[in-house]
Each structure stands twice: as structure tokens, then as C-alpha cells.
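Here you get one chain, nothing else, as C-alpha cells; it is the form predicted on its own.
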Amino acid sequence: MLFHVRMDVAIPRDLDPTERAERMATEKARALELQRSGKWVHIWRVVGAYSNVSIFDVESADELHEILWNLPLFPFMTVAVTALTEHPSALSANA
């Protein structure tokens, strides 16, 4: 199942610098791991914001939920999820 996910991040300015650095490093490592596994298919930065737009390819909404809830920066995110399906006018649907 494909999902479009927008993640807007708002890390508190008063967060302990050591915790911030640790969360940032583990978030990056986890994101790279999920990309290598094929679960996190695309990630784009939103210009002018601490946000990204991503495409996930997972088995279920439950799997996506677990992935998102376990991201180190999740407590500081606002997340919007949209389930995707192939458009009938897509080249792949008309091959």
C-alpha cells in the first residue's frame, strides 16, 4: 500500500541540546534504514519549512502507524497521511 505522508517538525527550542542531537542522529539513521528496506520510497523537503513530504510503501496502515510512531522525532511532529491508489490515466495502468 502506498501512502503520502507530510511531516511537519517543531522541536522545542528549550530541548536539551544532547537529547536534540541524539534524536536527530537516530532519526536520520532510521530514515536511511527505512529507505534501504524499500518502505520509505521517496522523501522531499518542503521549501521554507522544517517539513517533508514522503511516500511509503508498506503492507498496511497499521505498519505505517508503527513506523511513524517509532520515529525518534515523532513526539515533535504533526503528521498528515493520505492513502494512494493508482490513477486510471497513469501510464502503468494503460500498458
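For every residue, the number given is its place in the sequence shown, counted from 1. Just so it is clear, the model here is predicted, and its values are computed rather than measured.
Omitted here: the form predicted together with a further copy of the same chain. The next part is about that form.
Chemist: Should Asn70 be counted as a contact of a further copy of the same chain in the model of the complex, where contact means heavy atoms within 4.5 Å?
Modeler: No - in the model of the complex, heavy atoms of Asn70 and a further copy of the same chain never come within 4.5 Å of each other.
Chemist: Does any part of Thr18 reach within 4.5 Å of a further copy of the same chain in the model of the complex? Heavy atoms only, please.
Modeler: Because no heavy atom of Thr18 falls inside 4.5 Å of a further copy of the same chain in the model of the complex, the answer is no.
Chemist: Hey, in the model of the complex, is Glu22 touching a further copy of the same chain, heavy atoms inside 4.5 Å?
Modeler: No, no contact at 4.5 Å.
Chemist: Taking a further copy of the same chain in the model of the complex, which residues of 1-17 have any heavy atom within 4.5 Å of it?
Modeler: In sequence order, Met1, Leu2, Phe3, His4, Pro12, Arg13, Asp14, Leu15 come within 4.5 Å of the partner.
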